[in-house]
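Single chain ahead, by itself, as structure tokens, in the form predicted on its own.
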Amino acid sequence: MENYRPDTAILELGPDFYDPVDAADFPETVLRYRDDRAAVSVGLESLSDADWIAHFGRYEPLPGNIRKPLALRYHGHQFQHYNPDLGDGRGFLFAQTRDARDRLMDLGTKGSGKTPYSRRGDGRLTLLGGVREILAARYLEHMGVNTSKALSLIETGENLRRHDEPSPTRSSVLVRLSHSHIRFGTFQRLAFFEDKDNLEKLVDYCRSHFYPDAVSAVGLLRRVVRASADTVAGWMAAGFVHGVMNTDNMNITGESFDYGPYRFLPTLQSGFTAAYFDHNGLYAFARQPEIMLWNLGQLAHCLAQIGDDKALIAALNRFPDDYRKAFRDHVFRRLSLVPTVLGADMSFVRATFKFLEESQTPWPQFWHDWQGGVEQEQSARSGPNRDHYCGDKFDDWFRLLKEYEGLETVEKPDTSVSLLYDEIGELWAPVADNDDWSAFHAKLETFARPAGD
């Protein structure tokens, strides 16, 4: 492992931040997925399948790394109600390394067994849950959204019972590669206990390893605001509905992670929710930017114990401008258009979303049809969405589209690439029925990966 560079930075924080735990002893460890491209970035691609399983299924420590897994401590707002009884309940931090860009990277787990924070949970992950996480991470990466990577999935040979899946169901353990697993809720826990010394220590850790140009708690918040605005803007352009935007699911580096009841829009519906238990639509698609700002406000409130109130509020108030610019950039990237002036561009973005909602044009096909701008008119009008590309509402939008030039080089797939709810079911059925993974792997091949990522 020539390019493997362990860096156990988490130990700088000390035992107030985590609990050493034991991984579950699984009856089986069958490798189902390994992301060798992600493994290359942290020097782990040369591991044999046997060594891979030993490290990521039985959790034998990586050389020079954390000797015993660490369940991280945190609190959080769940559906905007504060919950102090949280923490890593079915996962832990297994290892830390440096990637090819010299970033500190965490290898965290999901489904690796019980911890002090499991409460009534069994600490396990269903195989379908692992499959869904891989698909979400790869598709969002394809969409240019800041996301964790699903590094490994190993089937573990247990029969699990879940109220939201046919039971008993197959089990798995996932390893996630992420720039950080420090959550907004990590700060909330320390603020809850008014532990200013450890708040300062956590701010210094985040500044040192994630935002070295930040010089204070205010500077850290400013950068987290910018990163979070970009992430939620990416979700909106991708038609992604997170489902559970609790503060313990928000990452300090802005990465999307821990994909539970997510959905991608079939058509634009502002009130669309991904979680069946979100009865009041708190985390509906169109509310996601508002919720992200609310979550950032909770982080700012924590940092107020050690930072200047007015400066923190000023940093928080940068979110709307950060979001507008990021949203414009993500939408124009999806359409492969050259942006002009932010105000005019945002008028076009709003018109695009208005047309999509009022017409109920199928979402994935629309973005494929018009990638490249007006030059795509002939193929768009002869494609599956052709009946939606007529009438006054479309004509109004198309007039605005004509104001923009397409990028000179557009790498456009032959067909639209999507990840709708029914498609996931179609990918899972042959796995469940015949242990046939071919459709799953074929689907992943349709998700192009950004160069150098």
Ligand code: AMP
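A quick note: this is a predicted structure, and the numbers were derived from the prediction, not measured. One rule holds for the numbers: they count along the sequence shown, beginning at 1.
We do not show the form predicted together with adenosine monophosphate (AMP), though everything after this point is about it.
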Adenosine monophosphate (AMP) in the predicted bound form: contacting segment from 143-151, 337-345, 122-130, 211-219, heavy atom within 4.5 Å
122-130
Tell me whether Gln78, Arg162 and Asp248, taken together, all sit within 4.5 Å of adenosine monophosphate (AMP) in the predicted bound form, counting heavy atoms only.
yes
4.5 Å heavy atom contact, Tyr262 to adenosine monophosphate (AMP) in the predicted bound form:
no
Please tell me whether any heavy atom belonging to Glu255 falls inside 4.5 Å of a heavy atom of adenosine monophosphate (AMP), as the geometry stands in the predicted bound form.
no
Distance check, Pro266 to adenosine monophosphate (AMP) in the predicted bound form, heavy atom within 4.5 Å:
no
Heavy atom to heavy atom, is Gly383 within 4.5 Å of adenosine monophosphate (AMP) in the predicted bound form?
no
Quick one: from Gly243, Gly297, Gly373, Gly89, grab the residue that has a heavy atom within 4.5 Å of adenosine monophosphate (AMP) in the predicted bound form.
Gly89
With the partner omitted here, the residue among Thr169, Ser118, Asn198, Gln288 that in the predicted bound form has a heavy atom within 4.5 Å of adenosine monophosphate (AMP) is Ser118
